[in-house]
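Read the single chain below, which is given as structure tokens and is the form predicted on its own.
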Amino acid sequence: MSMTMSQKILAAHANLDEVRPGQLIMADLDLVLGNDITAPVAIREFAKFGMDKVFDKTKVVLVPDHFTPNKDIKAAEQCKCMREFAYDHEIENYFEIGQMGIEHALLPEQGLVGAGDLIIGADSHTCTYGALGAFSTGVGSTDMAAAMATGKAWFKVPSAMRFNLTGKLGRWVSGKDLILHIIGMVGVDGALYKSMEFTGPGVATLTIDDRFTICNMAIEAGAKNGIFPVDAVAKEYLAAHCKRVPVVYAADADAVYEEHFEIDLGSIRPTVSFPHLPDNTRTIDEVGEVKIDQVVIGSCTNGRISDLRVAASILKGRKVARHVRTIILPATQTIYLQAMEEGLLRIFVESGAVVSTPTCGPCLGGHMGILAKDERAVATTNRNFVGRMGHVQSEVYLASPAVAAASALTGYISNPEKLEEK
């Protein structure tokens, strides 16, 4: 039977010659991830098993990133629970304050993710690692607990959707615009429990950071995972970060896909997702006049160095609008240092923005950027549900770093192309 790339990875980890969509399998895991919201629940469940150790102390990763630095006593207790578990079980990949970053930027940077890996995380955006040719997906805390104990997890083999990419993205257009376009096209449940597999000559024109962003938001279309082929771009990143030899899987030529989409990257415009669902998209040309109160540039979706460079290129020598709070969040300590060395942090501060330590805080309405009633934010994050970043009567507009930075300057959702015309 022919298989897709995702199906081949699942088959290999289940020690099967082949798998088919809908089949239930038990598969061996390469990595199990938890954060300061989900891991404490998993740790309490793990204790009920009566286990005295995790299946492999090198393959469990704990990252306190959502409410850290601790925003209150409850957050502190959550992190204390993680910290004690990590020390008691000698977890090698525990990233405390000072070493931590936003988990889905941190793990690839630390070389913990390899091509061909099977990874689960108690966080829905674990699907990010498909950018490197891994099958990665989010699970619940109880699944994480079982995985920490056994190194295994149950999967229902997903069917697949194929997105064939041609052409090249234009100036000020990024992977964020592409994935928002796709989500707008298929809907928030259009890929429900399916693999989103990206192919075609256009893939080679996408940076690794574009791919991280695209796979990160596959879950916003309901997908089980998103995945890219392991080409020269992926191999270059892996060679620089991961010491393991890549295990490369490729879809069979006659692999079966439930749906096919042809996308000319050159046709994609800067795209904005309006409240209150990621599929409520409009191109920048259709936005109209939307006044904003806050801009957030960062998160596991768009907090990488390339994102900060784009934002800095727009903000340099300019001032953010007086009424717009602009918050920049480098996704890891390494990215923070790089941004500092390149002078990006100076650009941000001189423009009137504030630079935060790596944290997920604003994205989920945790801290470091909560919205009040009737306030609007443009954010490079991944969700804009009701109350996502604060008050239930606030609004979140999802956009790329370029659109977010341009909007910070004008105080309205703005096209970065227009700034070049002035």
Partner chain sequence: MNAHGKAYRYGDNVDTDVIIPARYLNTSVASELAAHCMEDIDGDFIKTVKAGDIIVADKNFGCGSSREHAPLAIKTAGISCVIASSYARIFYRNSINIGLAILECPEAVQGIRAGDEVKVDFSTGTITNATTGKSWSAEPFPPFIQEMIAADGLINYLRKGAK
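Residue numbers count along the first chain shown, from 1. Please read all numbers here as calculations on a predicted model, not as lab measurements.
Omitted here: the form predicted together with its partner chain. The next part is about that form.
- Residue contact with its partner chain in the predicted complex: residue 193 places a heavy atom within 4.5 Å of it.
- Interface membership of residue 142, defined by any non-hydrogen atom within 4.5 Å of its partner chain in the predicted complex, is confirmed.
- The closest heavy atom approach of residue 16 to its partner chain in the predicted complex falls outside 4.5 Å.
- Among heavy atoms of residue 197, none comes within 4.5 Å of its partner chain in the predicted complex.
- This chain is drawn without its partner chain; in the predicted complex, the residue among 219, 82, 119, 115 with a heavy atom within 4.5 Å of it is 219.
- The chain is drawn here without its partner chain; in the predicted complex, the stretch among 384 to 392, 55 to 63, 371 to 379, 352 to 360 whose residues come within 4.5 Å of it by any heavy atom is 384 to 392.
- Taking its partner chain as it sits in the predicted complex, the stretch 43 to 60 comes within 4.5 angstroms of it through a non-hydrogen atom at 44, 45, 48, 49.
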